[in-house]
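In structure tokens, one chain follows: the form predicted on its own.
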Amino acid sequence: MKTLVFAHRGASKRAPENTMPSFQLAYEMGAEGIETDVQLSKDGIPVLIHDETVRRTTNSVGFVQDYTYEQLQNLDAGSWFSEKYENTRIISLEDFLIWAQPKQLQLNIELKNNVIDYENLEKKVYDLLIKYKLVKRTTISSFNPVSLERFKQIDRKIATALLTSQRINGLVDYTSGLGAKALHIKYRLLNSKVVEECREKDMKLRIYTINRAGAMKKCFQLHTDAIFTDVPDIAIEQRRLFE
């Protein structure tokens, strides 16, 4: 079994995270999957940005939910990374799906609703996945278990994944109880026991965020289903050693 490489927020060590240049670069590097983060604008448009505020990755300040989509489009989401990416824009989930639809890519959409529980975020995301016929190629992940349960009420067959960095007793059983088909854990939680427990439950196990060769090696040796990495080019190069 080959461990798939998901580009974490795109090739986010090489280009500004969660932007079209980052996604395109990851695709060109050969990543099998793209991971991205979704929040809601003031006017209810799903947009791709990791933080609840725009401060870290744009030239402005304030909460994403306090900007309309049009206002977010006027922000510079690239200069913080380098001059080369000046005036790169925040994009909508819809624009991302239009780009991804013709490509052979798996998608991981993380609902960023564990801090701000955006109203109807699940339904808005689902409707776009239906529109672009991408449900079967998409996993919905969240640190918010209630959100995963809400998504299952919309479509019980869609693949969902619990995200966690916490050591929880009975974690695999708990995740299974949520109806999730995958568990996404921080690297420090990875061991052979959790790998085996996931296999017994027919549950996908994906590990974040893997940027060092040593950590990649461990994931490949344990045959985890996928890794999330900011450097998909390095991950693919390292994986060839195990093929």
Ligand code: G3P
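Because the structure is predicted, anything quoted here is derived from the model rather than measured. The first residue of the sequence shown is number 1, and the count goes up from there.
Below, we refer to the form predicted together with SN-glycerol-3-phosphate (G3P), which is not included among the displayed structures.
Peer 1: Counting any heavy atom within 4.5 Å as contact, can you tell me which stretch out of 121-129, 81-89, 146-154, 106-114 lines SN-glycerol-3-phosphate (G3P) in the model of the complex?
Peer 2: Stretch 106-114 is the one.
Peer 1: Counting non-hydrogen atoms within 4.5 angstroms of SN-glycerol-3-phosphate (G3P) in the model of the complex, say which of 172, 163, 93, 77 makes the cut.
Peer 2: The option sitting close enough to the partner is 163.
Peer 1: Among 32, 197, 37, 52, which has any heavy atom within 4.5 Å of SN-glycerol-3-phosphate (G3P) in the model of the complex?
Peer 2: The residue from 32, 197, 37, 52 that makes the contact is 37.
Peer 1: Applying a 4.5 Å heavy atom distance criterion, does residue 23 contact SN-glycerol-3-phosphate (G3P) in the model of the complex?
Peer 2: Output for residue 23 is no: heavy atoms all beyond 4.5 Å of SN-glycerol-3-phosphate (G3P).
Peer 1: Quick one: which residues from 1-35 get a non-hydrogen atom within 4.5 Å of SN-glycerol-3-phosphate (G3P) in the model of the complex?
Peer 2: Going through 1-35 in order - heavy atoms within 4.5 Å of SN-glycerol-3-phosphate (G3P) in the model of the complex - the hits are 8, 9, 35.
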